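One chain follows as structure tokens, the form predicted on its own.
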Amino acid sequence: MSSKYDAEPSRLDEAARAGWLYYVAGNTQDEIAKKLGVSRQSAQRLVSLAISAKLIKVRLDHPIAQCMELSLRLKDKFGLQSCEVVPSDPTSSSVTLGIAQAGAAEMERHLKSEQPIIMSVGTGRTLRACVDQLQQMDCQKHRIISLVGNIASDGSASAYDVIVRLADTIKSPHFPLPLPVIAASVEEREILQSQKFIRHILDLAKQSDVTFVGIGHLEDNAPLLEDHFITSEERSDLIKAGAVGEIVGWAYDAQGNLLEGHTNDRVASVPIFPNHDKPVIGIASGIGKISAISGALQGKLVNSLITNEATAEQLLNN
């Protein structure tokens, strides 16, 4: 796959100008060729380079009727503050296509606030995909808080931590949570969370104006398992106890009730509570996540949702 580092800077400058003229200013390729002083074929190649080098990010703003209807039905069924349903591509294997762009747009909407805000974020593949879609911004007046650590039991870190990449993109002060997702014991978790700077981060998270989280499933390829945050035995134990999903490490059942005991006794993430008055936006899709998403919605662990058509239809029929 081509990247923005595969071409010389001067060539990328020309591609960026061509991309802007075509996608933003609405120029034809003939008009671009004239304005840049190149042939029509060269203009066409420059526009193509702007896409292949990922200099251009396209968002669809048309309110597709089917998606809007699904969104309204989900809001009514689960009492959501907001819900956005994006089109599904039945031929694509991507689980973040569409929702990553929608998640990025929702993040940007909050980050454009004139007043300073505190934004809390989880971690994982979906949120990482959203952050990769963000435009560069200057948000020095805001604060970004991580809800969850990024350290496995063996000391390794997940490749899907988002807070540093997010803060680098929007130039915002950020507060990572330097803890394991799940501590080795209850006593270890209490010791770790008793540190003064950790308590400060936990307190900031409670003041969040908006929160973005992924919703994890507990199937064979559960993110908690693949990232070595839990063992196969712990996953089996959670499933036997009725767990269907997790948010920042906290496992819950089909009704959205947090499990008592099990790994939840050792989760070092910021606690999650139902019925928040501030936006808690879950971003998730995929048929394998239906039970997890449904549980999170039924238990009011999230009060807003960004998903796709196929997932929305399954949630309504579930």
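Numbers for residues come from their place in the sequence shown, where the first is 1. Note that this is a predicted model, so its numbers are computed, not measured. We call the rigid core whatever largest set of C-alpha positions still superposes within 1.5 Å between the two forms.
The discussion below concerns the form predicted together with the DNA, not included here.
S.K.: Could you check which residue among Ser39, Gln255, Asn275, Gln66 gets a heavy atom within 4.5 Å of the DNA in the predicted complex?
M.R.: Flagged contact: Ser39.
S.K.: Since exactly one of Ser291, Asn264, Gln44, Ser52 fits, which has a heavy atom within 4.5 Å of the DNA in the predicted complex?
M.R.: Checked against the cut-off, the match is Gln44.
S.K.: To test your reading of this chain, name the stretch in 247-255, 266-274, 44-52, 283-291 whose heavy atoms come within 4.5 Å of the DNA in the predicted complex.
M.R.: Only one stretch qualifies here: 44-52.
S.K.: Scan 18-43 and write down, in order along the chain, each residue with a heavy atom lying within 4.5 Å of the DNA in the predicted complex.
M.R.: The stretch 18-43, when checked against the DNA in the predicted complex, contributes Tyr22, Asn27, Thr28, Gln29, Asp30, Ser39, Arg40, Gln41, Ser42 at the 4.5 Å heavy-atom cut-off.
S.K.: Indicate whether Lys278 shows a C-alpha shift of 2 Å or more between this form and the one not shown, with the rigid core used for the fit.
M.R.: It does not, since the Lys278 C-alpha is displaced less than 2 Å between this form and the one not shown after the core fit.
S.K.: Could you check whether the CA atom of Val302 moves 2 Å or more between this form and the one not shown, using the rigid core for the fit?
M.R.: No, Val302 moves less than 2 Å.
S.K.: Is it true that Ile32 shifts between this form and the one not shown by 2 Å or more at the Cα, once the core is aligned?
M.R.: Yes, the C-alpha moves 2 Å or more.
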